[in-house]
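Just the one chain here, the form predicted alone, laid out as structure tokens.
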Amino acid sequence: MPPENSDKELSVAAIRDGTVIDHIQNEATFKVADILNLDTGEEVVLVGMNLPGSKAGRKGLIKIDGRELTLEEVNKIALIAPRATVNIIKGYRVVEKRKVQLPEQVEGIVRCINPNCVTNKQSVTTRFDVLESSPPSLRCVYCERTVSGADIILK
């Protein structure tokens, strides 16, 4: 047990160039990691959970050295962790910081839950209008089925 007056601090290694995804809802951290297929590349990846957060209690954090995210990846993250922020790191410094934000329409990244939807019967790219961003709520443009929360299934 450390002494009462110790100034021990937990720290996570800095990355030179890459991406930091911060303010992930704690329970969504591994879902975000799964979206990014982090186990298939050569990059160094740090995943933290149950980190103290200033606003929402505990949070998750993912650092990926040597990689910037695609727009499709950011849109998927916005569906799973709508309060997350994406920080672009260059030379150990944050050069860009932005909150994830869903566009007005998402295409090709969510599966329609309606088994009779044309997207589940033919080779048609899925397309959803975004009704709400946080928590996400989407409506299929083909069958007009609304999905939200756990019903949102990523492709």
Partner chain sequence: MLQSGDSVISIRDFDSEEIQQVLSVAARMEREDNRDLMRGKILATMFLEASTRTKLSFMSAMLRLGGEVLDFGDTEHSSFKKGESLSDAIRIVSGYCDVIAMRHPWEGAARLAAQIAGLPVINAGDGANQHPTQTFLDLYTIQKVRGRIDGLSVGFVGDLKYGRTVHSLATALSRFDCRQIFVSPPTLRIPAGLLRELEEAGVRYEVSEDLVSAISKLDILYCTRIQRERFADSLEYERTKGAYRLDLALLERGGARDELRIMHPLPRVGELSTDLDDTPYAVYFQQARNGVPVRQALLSLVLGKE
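Bear in mind the structure is a predicted one, so any value in this text is a computation, not a measurement. Positions refer to the first chain, counted from 1.
The same protein also exists as the form predicted in complex with its partner chain; that form is not shown, yet it is the one meant from here on.
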Here the chain appears without its partner; judged in the predicted complex, the stretch of 93 to 101, 65 to 73, 25 to 33, 113 to 121 with heavy atoms within 4.5 Å of its partner chain is 113 to 121
Please determine whether Asp17 contacts its partner chain in the predicted complex, using a 4.5 Å cut-off between heavy atoms.
no
Those residues of 59 to 83 with a non-hydrogen atom no more than 4.5 Å from its partner chain in the predicted complex are none
